[in-house]
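One chain is shown next in structure tokens, namely the form predicted on its own.
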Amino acid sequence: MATRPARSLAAQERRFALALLVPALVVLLVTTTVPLVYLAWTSLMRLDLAMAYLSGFAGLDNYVKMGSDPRFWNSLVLTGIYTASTVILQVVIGLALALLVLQIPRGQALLRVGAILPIVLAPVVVGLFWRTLVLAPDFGLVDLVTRSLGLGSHNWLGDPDLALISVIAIHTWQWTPFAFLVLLASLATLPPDVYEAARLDRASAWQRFRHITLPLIRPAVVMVVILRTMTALSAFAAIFAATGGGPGSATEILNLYAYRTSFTELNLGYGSSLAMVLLAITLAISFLMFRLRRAR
């Protein structure tokens, strides 16, 4: 008889948990799954608002069209360069800063607060800040430095050869503090006994870093790489605010190409197919990284 009230209480708790879960699950499905399904359906349509009379079901024509679209391949290459460069720079600079700050006994709390500031800024604000104050020709901060060093003035965002480097610098500046904070927290938890034993064995600083520090913080590094890769692949606002994808298509990564195709050229069907390709790339890279992480 005593088990019956216990079962009743457990059933009530399950019903209460379900009542809390269902509304959130419905909202999640409505705001994420439904738009994705609609995006996938639109990618199979010939939906060009400039030529609405040609609208209809296109099947895989939008995807076949990408094979002969040089602008698509250019945006795909730019996406790869942009993602790889920003992620590598963030991890390397973030780890170097974390190792440096760890040697500072006082003021670490202030440095952590300062590191948070670029992260909390909206990407649009970051893009406009760099465009108007840092990389502006003639009176921007970078131009003042280059002219004082005798290197002359440059149109950092208007020169096709410099624009991609500039947007990589913008993204790296905003998100390196994230890698710095995560890696600093991971380094702070490492056991000092291992390092004392390594010093007694006369291991050099590089040997301690390579054989002790890196293996111990590897899980944190992998998570930083995964998270930063996903952010870089979906980057949009900062580049759009700084260059708009220009000059020409010098900074037109795949995300921006999909936006321009859909909302500037009004070819919603082809733009949706570009977005679906970006989604597939993001999911594939995420799956591969998590598989590698579990395998190791």
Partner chain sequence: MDRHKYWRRLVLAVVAGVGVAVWVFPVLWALATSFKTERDVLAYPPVWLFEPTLANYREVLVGSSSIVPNLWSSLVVATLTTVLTMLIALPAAYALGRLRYPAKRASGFYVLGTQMLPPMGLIIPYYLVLQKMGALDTYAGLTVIYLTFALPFAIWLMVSYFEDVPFEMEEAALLDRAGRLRTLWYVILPQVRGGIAVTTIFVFLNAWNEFMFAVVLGGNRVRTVTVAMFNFISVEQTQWAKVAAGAMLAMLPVILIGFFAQRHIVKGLTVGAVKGGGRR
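Between two forms, the rigid core is the largest collection of C-alphas that superpose within 1.5 Å. Positions refer to the first chain, counted from 1. Since we're looking at a predicted model, the values are computed, not measured.
What follows is about the form predicted in complex with the partner chain, which we do not show.
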Among 68-76, 114-122, 190-198, 159-167, the stretch whose residues bring a heavy atom within 4.5 Å of the partner chain in the predicted bound form is 114-122
So in the predicted bound form, does A84 come within 4.5 Å of the partner chain, heavy atom to heavy atom? no
Check: Would G271 count as a contact of the partner chain in the predicted bound form, using a 4.5 angstroms cut-off between non-hydrogen atoms?
Finding: yes
* Asked: Can R131 be called a contact residue for the partner chain in the predicted bound form at 4.5 Å between heavy atoms?
  -> yes
Taking the partner chain as it sits in the predicted bound form, is N62 near enough to touch it, meaning that at least one heavy atom pair lies within 4.5 angstroms? no
From I88, L151, L214, L100: within 4.5 Å of the partner chain in the predicted bound form by heavy atoms is L100
Triple contact flag F57, V92 and W206 to the partner chain in the predicted bound form, non-hydrogen atom at 4.5 angstroms: no
Within 20-52, the residues having any heavy atom within 4.5 Å of the partner chain in the predicted bound form are L20, L21, P23, A24, L25, V27, L28, L29, T31, T32, T33, P35, L36, Y38, L39, T42, L47, L49
Core aligned, does the CA of L21 move at least 2 Å between the shown form and the other one?
yes
Taking the rigid core as the frame, does A237 move its C-alpha by 2 Å or more between the shown form and the other one? no
**Report entry** Threshold 2 Å Cα movement between the shown form and the other one at S286, rigid core reference
**Finding:** no
